[in-house]
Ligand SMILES: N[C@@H](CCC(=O)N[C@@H](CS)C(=O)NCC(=O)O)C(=O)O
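Presented below, as structure tokens, is a lone chain in the form predicted on its own.
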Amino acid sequence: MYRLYWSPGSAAMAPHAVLEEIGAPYILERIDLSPGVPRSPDYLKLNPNGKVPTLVVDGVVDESQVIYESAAICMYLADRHPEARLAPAVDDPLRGAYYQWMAYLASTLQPAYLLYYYPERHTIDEAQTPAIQARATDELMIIWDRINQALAAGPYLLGERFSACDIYMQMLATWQDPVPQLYARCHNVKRCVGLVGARPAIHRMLVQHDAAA
């Protein structure tokens, strides 16, 4: 049994989708991320960052059984359930590309979104926040253009093979506020996101996050 702490539209979307794809039993625990709402001491014991997602494995609240960081949860679940075929095997030639894309999405693309959504974290001068958001928007489109080019050989990030990378990318593509022109400009990204979103497991996740088309 898994327990996923989540909030709608957050970075919990990808781990939630992976849980749906692998078909393992799980429980959702919603965390209120509204500004000014403190996290409970019990939750901070699980994730001292106070963010989502957090995964508790097999219902055992023990340090070794608690995982946070969205990409880490996705990779852990994909490896723990190889029958779902969400990650290439360790000796598969595609394993390197799988690691590459998961790292790129989590450490290059996602931080650019955070720069846009939380500009105040990067300056002590409020007057600078519009400029920070504008720079983040430019960076986002540069990154998405690179991904779009890579997907020309698609339809997925690993070519013909669907994986957790595509789930993670699909999550980030739903964050449309800073890049409303994304699909008009990046047709390969739009195609891949459409294929991922059409999967029954992904659609079930999107419905719960109020993000279904």
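Quick caveat, the model's predicted, so the values are computed rather than measured. Heads up: residue numbers just count along the shown sequence, starting at 1.
Form predicted in complex with the named molecule: not shown, discussed below.
For the candidate spot formed by Lys51, Glu69 and Tyr168, every residue has a non-hydrogen atom within 4.5 angstroms of the named molecule in the model of the complex. Looking at Leu33, you'd find a heavy atom of it within 4.5 angstroms of the named molecule in the model of the complex.
When the named molecule is considered in the model of the complex, Thr137 lies well away from it, no heavy atom lying within 4.5 Å.
The shortest heavy atom separation between Ala11 and the named molecule in the model of the complex is within 4.5 Å. The named molecule is not shown here, and in the model of the complex it never comes within 4.5 Å of any heavy atom of Gln133. The partner is absent here, but in the model of the complex a heavy atom of Leu114, alone among Ala89, Leu114, Ala103, Ile142, sits within 4.5 Å of the named molecule. Exactly one of the stretches 93-101, 80-88, 106-114, 122-130 approaches the named molecule in the model of the complex with heavy atoms within 4.5 Å, and it is 106-114.
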